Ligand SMILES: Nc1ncnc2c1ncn2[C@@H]1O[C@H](COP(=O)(O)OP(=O)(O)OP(=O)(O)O)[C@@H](O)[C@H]1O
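Next up: a single chain in structure tokens, the form predicted on its own.
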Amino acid sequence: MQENNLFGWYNNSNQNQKEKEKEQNKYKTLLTVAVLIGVVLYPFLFVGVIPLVIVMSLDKKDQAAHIDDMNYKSFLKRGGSFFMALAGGFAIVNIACFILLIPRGYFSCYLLFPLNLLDTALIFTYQTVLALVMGGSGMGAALIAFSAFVSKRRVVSKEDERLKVTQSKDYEERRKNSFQESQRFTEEEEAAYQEAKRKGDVEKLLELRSRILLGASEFGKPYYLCTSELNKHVLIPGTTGSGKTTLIQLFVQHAAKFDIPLVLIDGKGARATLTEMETIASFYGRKVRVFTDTGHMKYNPIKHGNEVVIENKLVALAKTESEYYTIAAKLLLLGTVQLIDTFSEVTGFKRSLFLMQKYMMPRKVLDLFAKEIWKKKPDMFVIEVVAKTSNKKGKGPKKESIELSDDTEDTSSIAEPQKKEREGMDRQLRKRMESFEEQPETERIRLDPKTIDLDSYYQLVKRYSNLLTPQQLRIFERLFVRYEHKENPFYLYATSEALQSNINMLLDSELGRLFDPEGAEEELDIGEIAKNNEIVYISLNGLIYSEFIVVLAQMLVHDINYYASEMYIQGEEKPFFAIFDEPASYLNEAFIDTVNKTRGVGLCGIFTPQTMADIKKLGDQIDEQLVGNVNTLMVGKTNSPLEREYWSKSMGTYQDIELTSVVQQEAGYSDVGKSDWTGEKGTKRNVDRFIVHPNKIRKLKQGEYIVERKASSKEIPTQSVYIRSVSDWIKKQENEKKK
């Protein structure tokens, strides 16, 4: 058995050795042929090296320019067949020229050293130059084709090629000075904008409007993001200090320069964000309108939209743990909006939360209906009741004294006919007496609608409800009559206490004044913001009003939704930046869905959470929905290993090869039991590598983001970008002006 193994090993070893020798012989043969051709055609070889050097230099630059693209092949590798065909074509042309046209010209090329030392009748002429050019071009094409062949045969992983660049001195220098690198192209971009604006060059302004200069790529090139890509939404996760505020400034600057409406909803209420926005807007002659808990701008969330839109806006106030009570609250919302709209013509009502708060009290609602009935029946509150009988002497109706026959009287002496007549008279007298008994006295009184009990009030209004208009009657039936089979007709009001309490809590708090549109100098209106291309900052103090941030954000996003519906009807599309900073404070499933449906009218949703873990805590797989609904991803610095791995997996992998080498022990080169000598054998296998390795995310610096773009019409590789600081550039400009 051991012999068989021994001989088997020997035979395999022998076979491998023969195959290896065979490969070496192929290489030696090819090299020998190449050397012979070079010796024979040496003058053309000298000239042919020139195009080879040029092409190799261009190929190196081409590879460096596309080092970020893992699937890119340089034109030398792609054009191997072309260069081979070109070499063949030149060979045919040279042979034809040599035989038919300028044979002396080709021979005279050999007057180059060392054959110029020989005595010949050949001399340099224009034919010599022409032959050198033709022959050198053919030889250059052959050398390039040979280089392409060798390049294709060379086994080098994409990772190794990338490492050559990322470990180069230039790359390290750029990363070390990333801030200066990011600002490198700002002056050129701004100069182009100012020049186009001065000349009124509309075409150039539209070109600049269609792109945003983010900064510089890790490979030293200007990095632009198309404005149209924002329309398919952007996600910018990054921990505190990663540079999200700097990135947001770019969108604010672009909106200020090109009159694009922008709304920023800040979930944490950071003063620094507002300050930077105002600095940037002011530089371009724009103003930032501010809606905060300390400001004077007012907001009327129920100003626009039908009852369904309003119900969707206020649904956060209506929701309870019980679906039963939530549905009742939604019905009350719908009914109350319909009530206000129905009576707006006769009362001059203008929608507001305070008006809705008032008419969620059933007595106030009954007052509305009663007032309309009273116009047609002024005595509706006047009723007749039984008067109370007084015990005082001389009061009350006077009774007539009537004497009846005594039943105990002896009637035996009375004849029978007379007796019957007497009894008939007695019966008549008794009836007459009964008719004179005391009758109840009635009186007319007027009811007070402020004090009458609700049940009686409802019954009174219902009695005369036929005097209401058909529309008013429908609302009355929706709010009351259809619930008579319940415990009482006030079912909706009784089961919607949570809704009423939430509205009361919001309007009775310090924030209540923000929702009172009466006498407002400024009003927050998404439609007006879009129409006038305004920049608006919206925030509440997250430490104090965290419960109301969710409500406010949902109201605003439904206002955006309503604006979008109006744009759909008009068939218009217009860019509108909506930045949702720290969205973990107010995000939900309906929120994402609503924002996503407004893409068709130009809405650009930009979400900037600190971590996806914050979003994940909201439940309902909202984190997955958010990632699934964005097409541009900008990942900044994160401290969580799980988060880094999550983003690496999200950005996917590319196919590469992995090379291994055999490490063996050879006597005299190492200690016993150690292997450190690399042998000539190895293996090659296909592997999947992360496009962005978690370690790369871990090493990100402040202001450095990895950008993945799925919405671009071109295939743009994922890479790191050094984000430029707009506020720092503006401060620099202002300091220079002062000097």
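For every residue, the number given is its place in the sequence shown, counted from 1. None of the values given here were measured: they were computed from a predicted structure.
Below, we turn to the form predicted in complex with this ligand, even though it does not appear here.
You can rule out all but one of 159-167, 245-253, 617-625, 441-449: in the model of the complex, only 245-253 has residues with a heavy atom within 4.5 Å of this ligand. With the partner omitted from this view, the residue of Phe179, Phe75, Tyr171, Tyr193 that lies near this ligand in the model of the complex is Phe179 [heavy atom within 4.5 Å]. Contact with this ligand in the model of the complex, defined as a heavy atom within 4.5 Å, holds for exactly one of Gln338, Gln554, Gln610, Gln127, namely Gln610. This ligand is not drawn, but in the model of the complex it has a heavy atom within 4.5 Å of Gln702. Of the heavy atoms in Ser465, none are within 4.5 Å of this ligand in the model of the complex. In the model of the complex, at least one heavy atom of Gly241 sits within 4.5 Å of this ligand. Mapping the unseen interface onto this chain, Arg599 falls outside it, with no heavy atom inside 4.5 Å of this ligand in the model of the complex. Taking this ligand as positioned in the model of the complex, the residues of 708-738 that bring a heavy atom within 4.5 Å of it are, in sequence order, Ile723, Arg724, Ser725, Asp728.
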